[in-house]
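In structure tokens, one chain follows: the form predicted alone.
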């Protein structure tokens, strides 16, 4: 789905975009985020959030999150060094501002794995740069099974996540695109299509006017 390397289109300057994925816990946004970010054909920078949540056994500090204590988080927030932040399930999450601004200015894209609260904040600050996608589970029963198969949360935590999921799912109307994640490969392909189309939007292609001027100045 990507254009071949060396295409004329690749030389036209553009501003980077922020691709935001949100979903209730267990619906698949993190799996999809990692799959897209690790696909070299899409050349996406992965936004690594900071969080005060305890690290799960399967997680690596600096790869999945930057795990920090609450005092360090509050310091970042006080200095306005967070593009967005939110409290989720009693823990704080946030996105450092400066790395994002640097990537977008260089014409590269970033993918975010954040909830609806964070999405609202990012959109309020960088509306023209943001593309939002909400991931839905095929059913609540399947969502429960996925949380249980993960085997990383207590039964009490799973029930809390399922209760919160109903509130989170109602936010789907705030997003540009919605994907029902019944089959991971199909969801991945849908996400690829969204990214390909958004990269071609005229408003993002800052070098397009100059390219067209040059095109019209050519002698056939």
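Residue numbers count along the first chain shown, from 1. In this text the structure is predicted, and so the values were computed from the model without any measurement.
What comes next is about the form predicted in complex with another copy of the chain, which does not appear here.
Chemist: Only one of these stretches, 149-157, 180-188, 49-57, 31-39, has heavy atoms within 4.5 Å of another copy of the chain in the model of the complex; which one is it?
Modeler: Among the candidates, contact is made by 180-188.
Chemist: Using the partner position in the model of the complex, report whether residue 175 sits within 4.5 Å of another copy of the chain, counting heavy atoms only.
Modeler: Flag for residue 175 set to yes.
Chemist: Find out whether any non-hydrogen atom of residue 209 is located within 4.5 angstroms of another copy of the chain in the model of the complex, and reply yes or no.
Modeler: Within the cut-off, so yes.
Chemist: Examine residue 126 and determine whether its closest non-hydrogen atom to another copy of the chain in the model of the complex is within 4.5 angstroms.
Modeler: The answer is no: residue 126 has no heavy atom within 4.5 Å of another copy of the chain.
Chemist: Even though another copy of the chain is not shown here, does residue 140 get within 4.5 Å of it in the model of the complex, heavy atoms only?
Modeler: Contact with another copy of the chain, yes.
Chemist: What are the residues of 26-58, in order along the chain, with a heavy atom within 4.5 Å of another copy of the chain in the model of the complex?
Modeler: Nothing in the stretch sits within 4.5 Å of the partner.
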